[in-house]
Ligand SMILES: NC(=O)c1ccc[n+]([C@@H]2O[C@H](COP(=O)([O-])OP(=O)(O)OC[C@H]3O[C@@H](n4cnc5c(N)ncnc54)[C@H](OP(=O)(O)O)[C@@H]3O)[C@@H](O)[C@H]2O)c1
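Given next, in C-alpha cells, is a single chain: the form predicted on its own.
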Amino acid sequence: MSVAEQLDTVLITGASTGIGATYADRFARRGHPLVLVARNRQRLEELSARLSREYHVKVEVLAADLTAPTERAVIERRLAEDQAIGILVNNAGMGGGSVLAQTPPDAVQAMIELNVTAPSRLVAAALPRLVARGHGGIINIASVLALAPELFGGAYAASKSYVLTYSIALNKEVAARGIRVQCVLPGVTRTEIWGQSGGLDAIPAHMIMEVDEMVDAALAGYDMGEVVTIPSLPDIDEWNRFDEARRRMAPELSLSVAADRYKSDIPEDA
C-alpha cells in the first residue's frame, strides 16, 4: 500500500482560491488524497490538475454552492458515507462589513448560511462516522474578529464568533474519542474576500499576512495539537490568559441571586 493510500482523504470547502487552495496544496504535498469543494468548477479543475501533476495524489472536484440546501446535501452525504475522508477543512466563507442598519436581511442570511449553517451541517454529517472509527480531524476557519468584533462592521464577526465557540464546544465533546479539532483565527490575509469587501488599500502593510504564511502557521498549530490557532499572535500565553480569565468566571455565571450592583440601596419599606 502506498503512503497516499494510507493517509486520510481531506475534504476542503472554498477550495478554488486563497486559503482553501493553499490548504489543498499543503495537504497534497503531504500525500493526502483530496476532495475539493467550491462553486467555481473551472478553478477547481485547474487546481486539481496541477496538484495531481505535481504531487501525484488523487484529487476529486465537487462543484457546489453551500448556501443551496440541495447542493450542500450532496456534500453532506459524501461526508457521511465516504470512509476514506478523515479530515474536513471548513474554509468556505463570505465577508461583509456593511453597517447592520443598512444591510438587507437577505444579505445577512446568506452570510449566516455560508459561515454558520454550512460548516455546522458538514461537521454534523461527518462526525458520527469519524467517532465510530475513532480518529479524524476537523479544521474550522474563523477570524481574529471573533475576539475583536468592534474592529469590523456588520455581522461577519458574529458569524466567526460562532465558529470559535462551536469549535471549542466540539473539541470538548470529541477530543477523547480520537477526533482532533482546530479553530484557526487568521488576521487580515491577502485573499479575494478582501477585494469583495473593499480591498486592502486602507490597511497598513504590516497587518496583512500572505496566504502561504497563514496556512503554513495554521498547519503547524494543527500538528502541535492546538485547539485555537492565531497565526500572528507572538505570545500564545496571551491567548492562554484570555481563555483562563473566561474559565474563571464560569462558577459565577449562573447563581440564584443577582449581583449586588443590580440591587437598590433604598430600603424596601421606605
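All values reported here derive from a predicted model rather than from experimental measurement. The numbering used is simple: start at 1 and walk along the sequence shown.
Below: the form predicted in complex with the named molecule, not depicted.
- Partner proximity in the predicted complex, defined as non-hydrogen atoms within 4.5 angstroms of the named molecule, places exactly one of 87 to 95, 129 to 137, 166 to 174, 100 to 108 at the interface: 87 to 95.
- In the predicted complex, the named molecule lies farther than 4.5 Å from every heavy atom of residue 161.
- Contact check for residue 141: a heavy atom falls within 4.5 Å of the named molecule in the predicted complex.
- Looking at residue 82, you'd find every heavy atom of it more than 4.5 angstroms from the named molecule in the predicted complex.
- Although the partner is absent here, residue 15 sits close enough that one of its heavy atoms falls within 4.5 Å of the named molecule in the predicted complex.
- Put simply, of 34, 228, 66, 218 only one has a heavy atom within 4.5 Å of the named molecule in the predicted complex, and it is 66.
- With the partner omitted here, the residue from 240, 232, 40, 52 that has a non-hydrogen atom within 4.5 angstroms of the named molecule in the predicted complex is 40.
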